[in-house]
Ligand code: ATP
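We begin with a single chain expressed as structure tokens, specifically the form predicted alone.
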């Protein structure tokens, strides 16, 4: 261990299930064999220190990519050379991926891409990363190395760029959105002033990002407990106006987040996005296009934003049942939470929300074949007649049974 390494040694990470899992041990043993060296880095170390679930495991090593592949082959570990140009090989053990990247420095950066040079210097590798909280390394035994004070920043709720914030942003504009996303998840108190200033100065560059990148960061940010503060900060910095100018109803978002906590309702980023939006139908379509939402995401957001499906705290329980029948329990509850965020009447919301949770919508008793059996020929009239009976059935609070519905159908056919 050289002097730089010794000075960045920062203690021990307590044993973690993901570190001691057989598949992880197998990969680390292969990389550490015969004087090799590998360390966990980035999100897995950060999240472990923050007592959060670890989903993805990234590993850094001074080994050249071809040496990494040779060791994986030797230990009969499957791999995918995706990202090989940038020093990344993905090992796969029992279906679990491990992204292994050779220590590197970025010689030339352009957007999300970079011309890289491999190195064996851990601090050089750390210096190219975005935020100090993502520069913490951990060995297989849990020894922590923290060259830029990421552990202290993590404990203090500070999201800080590594080195000059303006330079790091111009290397990769996506770091603007990542700054606010990480602040939403890990930040506490006042944000880092240098980071905020650099993001505000470079706000216009956000429009260069792809819709897919923006969507990923926005939905991850909106999943955070502290999303309201982060989004307000983005609005005040002039960031939001360059990719989603319609999303500025901070008050509604804050109320929604508080209501979700009160009703123990898991965060749902699309619902939180809906709270932020005050749009016309064409404005909604602009949001869907700008974020390149999937068909399913677009449908969900449209339902929660459209005036035709908006709920109100002025509803009675019969109206709530209709809402559940039309959209399902989950969407009905989302619509009521959004109404609560706009209208803020806690007593009314409590009554209606529990009505939506407890009502199990029955299936409409009739089918098209029931109409055909009564002598009507197949065609549009069948659907129109069924719809008329269904509307009557809903208006009767879903009480008429199949026999009653058939009787109503027979009477309507003369």
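Numbering follows the first chain given and starts at 1. What you see is a predicted model; the values in this text were computed from it and never measured.
There is also a form predicted together with the named molecule; it is not shown, and the following applies to it.
Heavy atoms of residue 42 reach within 4.5 Å of the named molecule in the predicted bound form, making it an interface residue.
Not displayed here, the named molecule is approached by residue 58 to within 4.5 Å at the level of heavy atoms in the predicted bound form. Remark: residue 331 does not count among the residues lining the named molecule in the predicted bound form, judged by a heavy atom distance of 4.5 Å or less.
Using a 4.5 Å cutoff between non-hydrogen atoms, residue 172 counts as a contact of the named molecule in the predicted bound form.
Each of 130, 134 and 220 comes within 4.5 Å of the named molecule in the predicted bound form, counting any heavy atom.
Of the listed positions (342, 322, 178, 242), a single one reaches within 4.5 angstroms of the named molecule by any non-hydrogen atom in the predicted bound form, namely 178. Contact with the named molecule in the predicted bound form, judged by any heavy atom within 4.5 Å, is made by just one of 98, 145, 182, 231: 182. Across the options 379-387, 66-74, 43-51, 346-354, residues that bring heavy atoms within 4.5 Å of the named molecule in the predicted bound form belong to 43-51.
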